[in-house]
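Same chain, two versions here, written out as structure tokens and called structure 1 and structure 2.
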Structure 1
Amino acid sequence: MRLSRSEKWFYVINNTLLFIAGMSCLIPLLNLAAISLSEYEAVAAGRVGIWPVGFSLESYKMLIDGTPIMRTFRNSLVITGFGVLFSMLFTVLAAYPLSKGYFYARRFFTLGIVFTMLFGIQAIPAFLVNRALGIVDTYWALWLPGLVSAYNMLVLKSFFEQIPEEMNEAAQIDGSSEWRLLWQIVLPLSLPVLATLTLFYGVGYWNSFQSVLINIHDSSKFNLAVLVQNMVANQSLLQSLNNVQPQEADQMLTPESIRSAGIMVMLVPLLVVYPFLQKYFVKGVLIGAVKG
């Protein structure tokens, strides 16, 4: 297809802007990775760009030996894993009946859920509710307030509504119950949007920071986001490393390399998971967001 001059200019400008936006995200990430892998002298002199100068894994080694990063990593896995499981389960159970035209209270509940999107979840009211329920300082205080995202539920509901009703009727004629219809027919056909919502929930739980600070008081239950914030905000991490190896830490590590290593540890799991879900991402969002 031959493009007009205005279309060519549009694609040139569009691709240029996308390239600049991509580089603005990629370059800081490469700089963090390079600092975390570079030798002490290069980091201290500020000579590290997007490639490591020298190569050293000392910052990661000291991060593992001198900080509770492995424990916080495990806590983040627990928070994210169970959080995504609970959220997806209840999102599906909420979206499925609301996608059925024969559900008599469908309009009432849908409007009620849309109404909650006007306010969102505020941290202090959520904390007061959690305290009244007696779940403060437990991970239930993180899972319950954000159990179902109204936006995600509406996306999934729209996706379910686009599945041909004839397919459901054929299954029901063959004796299929609603549960069997949901788990064996509807959910397998909804894999793109389920993968997309799993990514949404997973990123939210993995990066949860404010809710952890407010609701979790036992430091042994903190997640990676809180630990990394402490590393960025103060010097306590480097001091703890000095206590571990007082003769070597000051000579071989800088606060920047430790902080960069911590941020990379937090980012890498998401960077590893994202490519496996990316192929479903655009299809899941677009199909689920368009109401038929």
Structure 2
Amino acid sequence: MRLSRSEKWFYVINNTLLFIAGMSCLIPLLNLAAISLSEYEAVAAGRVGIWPVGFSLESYKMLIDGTPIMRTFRNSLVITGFGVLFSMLFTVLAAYPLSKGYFYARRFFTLGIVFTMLFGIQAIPAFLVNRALGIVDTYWALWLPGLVSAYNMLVLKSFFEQIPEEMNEAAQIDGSSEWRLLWQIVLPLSLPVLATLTLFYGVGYWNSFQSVLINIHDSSKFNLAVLVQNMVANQSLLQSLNNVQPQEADQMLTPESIRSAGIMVMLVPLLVVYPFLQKYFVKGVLIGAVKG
């Protein structure tokens, strides 16, 4: 197809603007990585762009030696791993019955769940429930109240409903139980949505911040989000780190480089899984968007 002059200009401007928008998402990350890997003088002088100036791993060494980042990283993994496992299991167990036309009171239960989306849960009554159950200061306070996201459940339910009923009937005539039907037919057919929800739950647990602030008071159980937030907001924490370390020129660090190293530790796992799950989530988002 031949393009007119005005169309050519349109495409050039359009693509340029989109390129700039895309770069606005990429450059801060490169800058962060570069600062975390650069030498003291370059960072202090603000000379670091998107490429490390004088490669140095000091800030990561400081992070590992001077802060509980390893333990916190492990905590984040535990919170995320088990959280996703529990959430996926119970989201499936919620969505499957509700997707069946012959399930008793399915309308009643669905409305009951949708209502909880409309009327948000308050931090303080929720905290009082956690305290009454004795789960404050354990990770159960993160896992149990977030067990089933009503939104994710509705996404999965509407996907299950799209699976042709004939498939279920055929399996039932062959004598398959509901459990086997779910496990051997419905779930394998739902892998794209399951992958999407795993991503959403995983990101949610990895990033969980407010729930940790409220429910976890024992600092040895903090996750990365809380530790990194402390490092960003709390100047004195970083200064105390600097006092511990020997003040030799090649081992000096700016608060910026420690901060950016901390953020990188939280960011890298996300960046690693993102490309693998990316192809699924567009589909998942759209199923959810069509109708709840």
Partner chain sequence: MKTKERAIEGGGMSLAGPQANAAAVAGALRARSRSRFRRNVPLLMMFAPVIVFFIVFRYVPMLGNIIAFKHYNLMQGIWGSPWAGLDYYRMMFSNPQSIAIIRNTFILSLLKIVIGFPFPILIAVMLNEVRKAWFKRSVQTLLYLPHFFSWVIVGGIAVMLFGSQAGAVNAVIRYFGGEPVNFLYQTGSWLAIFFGSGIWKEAGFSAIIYLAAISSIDPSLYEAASIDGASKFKQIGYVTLPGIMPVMTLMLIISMGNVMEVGFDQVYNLQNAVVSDVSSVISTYIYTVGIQGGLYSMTTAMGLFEAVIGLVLVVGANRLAKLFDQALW
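Worth saying up front: this structure is predicted, and the values here are computed from it rather than measured. Take the two forms, superpose them, and find the largest set of C-alpha atoms that agree within 1.5 Å; that set is the rigid core. Every residue number counts along structure 1's sequence, beginning with 1.
Requested in this report: Choose the one of the two that is the form predicted in complex with its partner chain.
Outcome: Only structure 2 fits here, because that chain is the form predicted in complex with its partner chain.
Report task. Kindly check if the Cα atom of residue 17 is displaced 2 angstroms or more between structures 1 and 2 relative to the superposed rigid core. Result -> Comparing the forms between structures 1 and 2, which are aligned on their rigid core, residue 17 does shift its C-alpha by 2 Å or more.
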